[in-house]
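Listed next as structure tokens is one chain, alone, in the form predicted alone.
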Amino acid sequence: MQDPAFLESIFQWLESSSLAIFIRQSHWLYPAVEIIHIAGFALLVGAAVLFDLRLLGFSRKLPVKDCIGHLIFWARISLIAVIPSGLLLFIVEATSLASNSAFQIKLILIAAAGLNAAIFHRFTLRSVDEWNTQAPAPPAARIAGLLSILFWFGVITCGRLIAYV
């Protein structure tokens, strides 16, 4: 386990970096980065939820392979916006964010959503030919879809609560 004082010094170093100071002092840059982060998240979560709804039985006429083939492209594109913008937002107030319970829960939920997706892609999706069209998705796929929706809505909720906790 890391020494809390060591982590605190890293967070303080990030906050005092030239980039963090520049972002913090700019009237437009911080809000622009925040808008990019939110727009990217909307695209990421939108793509995920649309696919999850397909897993839950909606739009069965749409083949699962076609759905994932289209939506995963947009999810990956959104990560190009979400990850760098999230890191930039973090360095501006690293010390307070690191100790913010809503932020901590948000990170845990992001990790859980990622693990859920990795398990789904590694194991459950292997049998997609059996349920690609018309047939209901297997229980494991439906559970993965439901968990994904819950995790992502939790991430959004925690993201909003950061300012209030």
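A residue's number is simply how far along the shown sequence it sits, counting from 1. Since we're looking at a predicted model, the values are computed, not measured.
Separately, the form predicted together with a small molecule exists; it is not shown, and the next lines address it.
Taking the partner from the other structure, the small molecule in the model of the complex has a heavy atom within 4.5 Å of a heavy atom of Phe103. At the 4.5 Å threshold, heavy atoms of Val82 reach the small molecule in the model of the complex. At a distance threshold of 4.5 angstroms between non-hydrogen atoms, Ala144 is out of contact with the small molecule in the model of the complex. The shortest heavy atom separation between Ile162 and the small molecule in the model of the complex is within 4.5 Å. Although the partner is absent from the chain shown here, none of Cys67, Leu71 and Ala117 has a heavy atom within 4.5 Å of the small molecule in the model of the complex. This chain is displayed alone, yet in the model of the complex one of Ile156, Leu14, Ile21, Leu150 has a heavy atom within 4.5 Å of the small molecule; that residue is Ile156.
Of the residues given (Ile110, Leu53, Leu43, Val128), Ile110 alone sits with a heavy atom within 4.5 Å of the small molecule in the model of the complex. Residues within 4.5 angstroms of the small molecule in the model of the complex, judged by any non-hydrogen atom, belong to 44-52 and to none of the other stretches in 118-126, 44-52, 136-144, 57-65.
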